[in-house]
Structure formats: C-alpha cells, structure tokens
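One chain follows as structure tokens, the form predicted alone.
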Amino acid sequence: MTSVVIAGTATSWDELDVAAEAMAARLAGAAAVAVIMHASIDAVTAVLAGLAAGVPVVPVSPDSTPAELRHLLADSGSVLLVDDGEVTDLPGAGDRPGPAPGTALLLYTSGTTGRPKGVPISHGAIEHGIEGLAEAWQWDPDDTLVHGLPLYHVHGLVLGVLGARQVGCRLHHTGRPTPAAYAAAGGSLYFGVPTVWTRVARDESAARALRGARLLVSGSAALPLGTFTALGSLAGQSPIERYGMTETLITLSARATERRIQGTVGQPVGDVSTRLTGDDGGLVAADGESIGELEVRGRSVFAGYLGRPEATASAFTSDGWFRTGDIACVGNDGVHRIVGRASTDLIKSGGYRIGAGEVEDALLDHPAVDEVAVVGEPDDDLGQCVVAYVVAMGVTADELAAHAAQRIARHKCPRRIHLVDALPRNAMGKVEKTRLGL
C-alpha cells in the first residue's frame, strides 16, 4: 500500500524500512554520516538507515556552498557522505570526534552569530517531542500529512518525516510547496511556514481546496494577521501556530481543539517547562503583558553544542534552563506569545522595554499592510527608537503612524516608517532584520 509520496515518487514505510536496513550495514560503525537532503526517497532512506545503524546523521542542505559543506563535514566528524543514494568515504575524515553515543541527528544552527554550531539530538528527544505533538494535534495513523518543507531542518525532517513515521500516518511531501501542490494533495494535516501559507491564501481556489483538512499548522516565524484571517475565511480554519528551535525541537503549540488566536503559540508540550526572566535574572510575571527572555527545559532540549563548551555554558543558566534568546509574554492561562529575538526584537527606548512583535501586530491590523518588520535603531536621545519597515499598497507612512497610535501606547509607536517593496527573508521564510536599512 502506498503510504509515502515524496516529490512524486511513491513507496511505503515498510519498503523504506527494508531499504534502510540494507543501507544500514554499509553505515554501521561510522562516527557520523552526512546526508545531502534532497526532497527524495533516497535521502529519507539514508536518514532511516543511519538511525537503524545507530550512526548520527548530519542532514545537509542541497544548496550548501562548498565552504559550508566543508565546515559541516569537518565539524561533525562525518566519515561518510550520502548523496542520491550513493555512499562515499570521506578522505582524511575522522580527525575530529563525532557526536556522543545515543545521538540520532546532528543538526546545525543557522549561523547568524558565527559559523553554524552542531546540535546533537537524541533518539529519546525526538520520540518524546513527537509524542507531545501527537497529543496536542490529535495526530494519529488515520491522518495524511502534507508538506513541502526542506528536509534538513526540524520542521521538515523531524516533524514532517520522522513524526509521520512514528505516528504511522501517510506522508505526502509535495516537493516544492506550491499552492497547487497543497491543494491537490488531499491531506488531513498540513505543515507550512508563513511564506507558504501566505501564497496559499492569495490563491483562493487552492485555499478553498483545503476545506477538507482537519488541521493546518504554521511555524518557523510569526504568521501575518492577513494570512491568518484569509485562511480562516477561505479554508474554513486558520492555522494553529507552534514554537521551537533546533536546540529544543518543538516546545510550545496551540492545541487542535482550541480557539485559534493569531500570534500565540500555545502552551508547553510533553514535559516541557518554561519561564520568563528579566535583565536582572529575576522571574517575570505571567500576566499577559510583561515580557522577558524565554527559558525552557525538558526531555526534548539538547544537552550542549558539539565541541563548543563555552557556547554551551553561556546557553544554559546555572540551574539548567536553556536560554532561547527569544522574548515572550505568557498569559494567566499559560498561552505564550513570542515577541521576537532578544538581539533584534527587544527595543529599549527611553527607559521602556518594547517588544517589536506588538508594534508589528498593530501595523498588520491595517488592511493595506501585507508585511511588517520593526526594529530598534540607535538614537542619541532615546537610546533606541522604534522603526518600522512596511510592505503595503495605497497607504502613506503618516496614515500608518496614525493607525498605530490608536492601538498601542505612544512610547511604542514607530518614530519612522519606511515603505518597502519586500522584506529580506532566509530560506525558511524568517525575516532577516539585520539586513534592514542596508
């Protein structure tokens, strides 16, 4: 029975397991194996083979430059490379120790603060994380999961492939995540990033074709209000949002049965615990208004970066909580809202701590606005001033400023609004705020 379709090629989980067992004999005993993660049956087979052989798998983007690939291979201690089903020995490899025993995947961070760091993820972390999400999303073997996400990240690989396999449901990877491909797949459960959902929402026929789905899930970045609203109308439901990182897998999610609230990422899943801390290290109240850095702990959280003891020490508190670097607020009901990154989205202006996300939401509420990115820029008087970059049609900066002033406090309102054609984004659809204004 066909239960897995990847970029047009059909197979079953049983057939994949047989092929993976055959390849596992070739991989057995390796310190680590790197796999070029094309959207293909061969790439998925190689990952399953590594897991079956007890060999840490290093997923690699097919778009990696030669320099990026060299770094990942050397840093990970990979001694084998799998590309399109072909296993190649790496000459001169093995000089660097590989991940610790029990590592299932060695994922790499985006490298926004230096060279990408290796994040060892254990078999137990993956299993526990998927169990928590299966409960939150009522995900079961009767589902057909549809997505077209890259297979070298947590979202596309851990959730989108290993999740479907663990749950035992059908999987349809569309290759490119086009609106037409999503509409034609006939799934009950769909994964997407905001860029994908925005494109689906703009294609009314594709969005209406999703009315038969049980659940739409969005992650990797905040879902724009206009997209959230449009899908609610056209597809019959707005997506639920979830939150996670390479280092933590998915730690927060809205539940399938709960009312959808745009911009919120729900409550902890599994055994995950969260807390907010302020600049002084003290706890921040969960009152739905106060913001602080989100810290998490639980079985899905990694133990430390590969070969980076100093980075690991700075990433954890003295009592064992992982510092996410994200700013959030938590309501009395335990529902979390991610404001943004501490490095770019916590704006300290005139003695106030302002979350960029709240300002972005106020501007996104204007019907002419498609996208917004808010940052703090240096200011001689305020320290930082609030500046907005807006993609919109048929509206002026002054009109947007007046709109924001009706929705948020004066000290939060943007001092400058730049109308732009597009926002800079990375491959996962996240806005790269460090490139704004360049």
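Each residue number is its position in the shown sequence, starting from 1. Because the structure is a prediction, the values reported are computed rather than measured.
What follows is about the form predicted together with methylmalonyl-coenzyme A, which we do not show.
For this session: Give a yes or no on whether every one of L382, R410 and C413 sits within 4.5 angstroms of methylmalonyl-coenzyme A in the predicted complex by heavy atom.
Result: Checking in the predicted complex: L382, R410 and C413 are all within 4.5 Å of methylmalonyl-coenzyme A.
Exercise. Which of L81, A235, M245, A104 has a heavy atom within 4.5 Å of methylmalonyl-coenzyme A in the predicted complex?
Worked result: Looking at the other structure, the residue within range turns out to be M245.
Problem set entry | Contact assignment for methylmalonyl-coenzyme A in the predicted complex, among G168, G186, G307, G350, heavy atom within 4.5 Å | Selected option: G350.
For this session: Could you tell me which of 224 to 232, 283 to 291, 68 to 76, 237 to 245 sits within 4.5 Å of methylmalonyl-coenzyme A in the predicted complex, going by non-hydrogen atoms?
Result: Only one stretch qualifies here: 237 to 245.
For this session: Report whether the minimum heavy atom distance between K117 and methylmalonyl-coenzyme A in the predicted complex is within 4.5 Å.
Result: Result no; K117 lies far from methylmalonyl-coenzyme A in the predicted complex.
Exercise. Might R199 be said to contact methylmalonyl-coenzyme A in the predicted complex, defining contact as any heavy atom within 4.5 Å?
Worked result: R199: yes, in contact with methylmalonyl-coenzyme A in the predicted complex.
Exercise. Would R176 count as a contact of methylmalonyl-coenzyme A in the predicted complex, using a 4.5 angstroms cut-off between non-hydrogen atoms?
Worked result: Heavy-atom contact with methylmalonyl-coenzyme A at 4.5 Å: present for R176.
Exercise. Taking heavy atoms only, is T195 within 4.5 angstroms of methylmalonyl-coenzyme A in the predicted complex?
Worked result: Residue-level check for T195: yes, a contact with methylmalonyl-coenzyme A.
Exercise. Which residues, if any, of 29 to 46 lie within 4.5 Å of methylmalonyl-coenzyme A in the predicted complex when only heavy atoms count?
Worked result: Contacts from 29 to 46: none.
Problem set entry | Comparison of CA distance in the predicted complex with shown form for C385, A222, at least 3 Å | Between the C-alphas of A222 and C385, the gap narrows in the predicted complex (3 Å or more compared with this form).
Exercise. Once you compare with this form, do the C-alpha atoms of P414 and T277 lie closer or farther in the predicted complex, given a change of 3 Å or more?
Worked result: Distance between the C-alphas of P414 and T277: longer in the predicted complex, by 3 Å or more.
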